[in-house]
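Here's a solo chain for you in structure tokens, the form predicted alone.
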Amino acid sequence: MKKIVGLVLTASLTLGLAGCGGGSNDSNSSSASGDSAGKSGDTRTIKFAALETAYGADVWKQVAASFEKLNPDVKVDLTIDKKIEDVIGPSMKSGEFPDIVHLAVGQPKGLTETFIKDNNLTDLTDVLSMTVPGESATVKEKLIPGFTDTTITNPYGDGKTYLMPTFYSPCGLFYNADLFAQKGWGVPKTWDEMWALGDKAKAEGIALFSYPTTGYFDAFFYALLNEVGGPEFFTKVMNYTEGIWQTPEANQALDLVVKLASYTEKTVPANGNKDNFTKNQQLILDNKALFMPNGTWVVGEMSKAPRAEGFKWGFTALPAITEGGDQYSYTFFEQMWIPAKAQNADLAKQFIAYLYSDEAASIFAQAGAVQPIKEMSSKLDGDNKLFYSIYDHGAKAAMGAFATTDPVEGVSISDAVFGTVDSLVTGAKTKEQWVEAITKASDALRPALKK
């Protein structure tokens, strides 16, 4: 199922990719709270706390050791745990803070969102201009463009970065590349080409589209909104701007999804749940549907599933609205931050900068964690090379999510926008009913925006 990659500022994100924790009280830390960070004799200590995800704890130990080798007077005190919010929460309440926290938004306890809401984060904008330790390039020069221009990394809309992006997972449309080769079909570059292909496939008894569950329309819809209106329009939608769902851009996006619903395999809604979602993914492997929205984790998720002879994963961004237009691929990504009361913020920033080094990126990649660094895809193998090269081949990265609000009883923007797709496929709801529900939810959440 969708794994959380530091996703969303909504009640959804999923996933998403790497939340992958849960269920363990074992701490892989040298000290959960420890002595106050700082100088100890000739040694300076920084305290680093991170959620243990599918990448494990050892990868952080290796990276910390490499940083210490580069800086012999520095010790990195690690606290890595699957329940990191429970581990560091008590000590922070008593005034002892880690110098760095690697914990994305969208986690169950909402610790990162609490620090954002309370304005308790250190401004990390200057990290972008820092030279990566051991290299000549700056952090900004190494990062894929766009990763520090999101509503997640820049939560206050003031042009400043407070959360730094880390491991990411591109999302897009997955398909059987071997089937396309057999049929002589090209991958659609525009939505008009998509509909034409859908008609060809239908004539051969193949549906154009499938989706695991409606929850997977978050990444799909975020990319589509960027395509119809650009990043500025996307930001307005994410912040519940009044009347935004009545604009021509929103109408175009909604029309595209409604049309796509008519090309969707009709059995999908019945299986679009946590128990049967793999049946919808299996449609791609069995050549019963051409495309499905998903993230890179789907390869491992379906690794033991049967498949058509010659099956080969293909991956593409969403088709463009017009020929030559922008194609977008949404990406989930994790984040790290420095508490405002961290005792060693300057040294912590040096460690963050080091995490974008080729040396650190190589260590991460061996564990399956990929940093948003330019040309990183050239250092990967197999399917990952295909997936992570999507931004090297012209696709633009879409990031961000619906802005965080105080809870509003009975209102879920995710349910209104994404959850309705099942009803569009079955015909239980019309586009007009969909727009009405989205508008109502957006209007209700606007006054509850967290400042």
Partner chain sequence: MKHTKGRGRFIFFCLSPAIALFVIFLIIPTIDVFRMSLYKWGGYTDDKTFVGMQNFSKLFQSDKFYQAMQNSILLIVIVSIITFAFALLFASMLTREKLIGQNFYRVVFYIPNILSVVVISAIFSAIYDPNNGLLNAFLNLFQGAGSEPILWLGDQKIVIFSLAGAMIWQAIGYYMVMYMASMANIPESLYESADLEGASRTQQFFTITIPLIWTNIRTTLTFFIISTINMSFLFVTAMTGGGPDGATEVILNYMYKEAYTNSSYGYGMAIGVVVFLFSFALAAVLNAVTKREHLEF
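Given the structure is predicted, the values throughout are model-derived calculations rather than measurements. Positions refer to the first chain, counted from 1.
Below: the form predicted in complex with the partner chain, not depicted.
- Among the residues 343, 276, 247, 138, the one placing a heavy atom within 4.5 Å of the partner chain in the predicted bound form is 276.
- Here is the short version: of 113, 359, 326, 123, the single residue with a heavy atom within 4.5 Å of the partner chain in the predicted bound form is 113.
- Only one of 298-306, 160-168, 84-92, 145-153 lies within 4.5 Å of the partner chain in the predicted bound form by heavy atoms, and it is 84-92.
- Proximity of 109, 269 and 420 to the partner chain in the predicted bound form is complete: all three residues have a non-hydrogen atom within 4.5 angstroms.
- In the predicted bound form, the partner chain lies within 4.5 Å of some heavy atom of residue 426.
- Proximity of residue 42 to the partner chain in the predicted bound form: non-hydrogen atoms within 4.5 Å are absent; the residue sits far from the partner.
- Contact check for residue 57: every heavy atom lies farther than 4.5 Å from the partner chain in the predicted bound form.
- Interface residue remark: residue 384 is not counted as part of the site for the partner chain in the predicted bound form, having no heavy atom within 4.5 Å.
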